[in-house]
Ligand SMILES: OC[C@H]1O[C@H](O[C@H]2O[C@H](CO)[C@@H](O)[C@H](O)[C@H]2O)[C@H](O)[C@@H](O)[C@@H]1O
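Have a look below at one chain only, the form predicted on its own, in structure tokens format.
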Amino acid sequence: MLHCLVSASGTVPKAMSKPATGNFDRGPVIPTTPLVTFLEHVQETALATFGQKDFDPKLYVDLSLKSNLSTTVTAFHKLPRNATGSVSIPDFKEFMHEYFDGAGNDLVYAEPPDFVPEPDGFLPKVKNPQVRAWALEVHALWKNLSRRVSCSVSERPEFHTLLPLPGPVVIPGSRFREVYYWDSYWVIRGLLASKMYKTAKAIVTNLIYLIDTYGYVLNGARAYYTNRSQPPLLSAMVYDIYNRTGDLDLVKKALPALLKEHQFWNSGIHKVNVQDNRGRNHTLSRYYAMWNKPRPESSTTDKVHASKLLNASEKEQFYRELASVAESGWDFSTRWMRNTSDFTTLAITSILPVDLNIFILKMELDIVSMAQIVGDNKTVESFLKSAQARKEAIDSVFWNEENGQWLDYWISNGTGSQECQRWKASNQNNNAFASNFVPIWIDLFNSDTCIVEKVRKSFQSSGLLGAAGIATSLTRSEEQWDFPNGWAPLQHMIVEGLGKSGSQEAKSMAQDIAMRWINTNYVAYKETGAMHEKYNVEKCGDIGGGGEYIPQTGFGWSNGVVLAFLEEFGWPADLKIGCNGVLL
């Protein structure tokens, strides 16, 4: 039976400061491993011992054992503690050295088989020698980020939170020591610009392995990430690699896995049905992690936030929301809060996100294309219907004609509601987010010149475009997926969508945004010697901040988007690069 979940009241749901009375967590939970549970205790002791300054909780759940778990646990409990639970720093350091290998030691360097310092046909439109030299430095970073999982992981999996994978990986960088799902799409876009097709294919092979093993692609290849996925972009990876290489075997291998992934996002807790104002039922998807405890990689932080809540059921629901926001990749943003000044009002499981449903629509269209390639007419027919139905749902539930944007939609609280009510305009979130413009990325929308022009004008007046790129939101919250931070994936999807359209004004805007983004990446690189995870779009050359960890360098998707932009737009020989070149 289809259940329509729509807010019962005409009030704006995001204005509510607390979940509805009686709301409690009912969703599934994927069990964790004994090692992860133990490492959370180590993490708590480390915080008590070393203090908050420069403390990164993820470090401790990335450790691997030197001895078996029971021996290590016994030694841990024998450590002398004071009243606060802390251990003396010398005692704790000695224990850590004796019983653990360092975080990341179970990943080893892997020489990319297809890396050359300057590939044939590399960025042919980049004519400026200064820009070309920098692009080659960014290209060389693929070597720095290339890893494979050590054989020790498959030999003694119970000693590691890292999961075994069949092939080499490209990691984001810094504290992100493992492969991540949605990061990998933009890493692959950069690898394709770098002509590193084997490396790109290996990443996809690993993600297919995760689907074969778990039924979905994990957030990242760690035992503590098995309870959630991330934005589903595997089909886009396969589609783009095939378009460059014609690798039919990859398509044949990927298609069954993509059918599994589609099922994951369109059943159970991820699936929601909404009835529009014409009485038509639509099926859409939401983020919903299979977890209701502190995230192990941020356990100490999550518990501090949850301490403001009064009872166990509220805390469980809050932990579910935290993990579900992590599944979205936007961790964290006021986009997901009922009250933008209260972090404990995260409520992403009560939101139908525009971008997630666009990714799934793209998956459906990609599956149609791949099924056509392999001659599977039954799948073609089935997924053409799925894509058409989702397109109609997106038009009915998300599109806002007055705003010229697609807006996230708030649904009723709880997962057990049997209510079926009509769509209400007041349940759309009218706040401006970069995600409101992500639909323009896919051809179904960027091929409609009328829609493109409405969206372009709306974007132009949204306030999201800054001196150095597109801001994630207009809310200055200190969360990293809010103003003034700009992120490579959002720049890329909006720019690529505008650039593919038939509108000359949209193409011009796309090039302008790409130039701003390239300039800010270049200046920050020259000043810091690194590519960064995020940037401050208010000021050219300024890196981003905020969030629950210090800004990271490396950085997989930033490298990929810069190379993809340079491949698409090039850089004229006589055009200077640097902050003075930005068109304001």
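Treat the numbers as computed from the prediction; the structure is a model and nothing was measured. Don't overthink the numbering: it's just position in the shown sequence, from 1.
The form predicted together with the ligand exists for this protein as well; it is not shown, and the discussion that follows is about that form.
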Where does the ligand sit in the model of the complex: which of 326 to 334, 491 to 499, 69 to 77, 308 to 316, heavy atoms within 4.5 Å? 326 to 334
Close approach of S298 to the ligand in the model of the complex, 4.5 Å, heavy atom: yes
Given that the ligand is not shown alongside this chain, does H139 nevertheless sit within 4.5 Å of it in the model of the complex, heavy atom to heavy atom? no
So in the model of the complex, is the ligand close enough to W134 to count as touching (4.5 Å, heavy atoms)? no
Does the ligand get within 4.5 angstroms of any non-hydrogen atom of H160 in the model of the complex? no
Which residue, D183, E261, D408, D366, is the contact with the ligand in the model of the complex, using a 4.5 Å heavy atom cutoff? D183
Can you pick the one in Y225, F359, F433, W291 that has a heavy atom within 4.5 Å of the ligand in the model of the complex? Y225
Quick one: name the residues from 468 to 483 with any non-hydrogen atom within 4.5 angstroms of the ligand in the model of the complex. Q480, W481
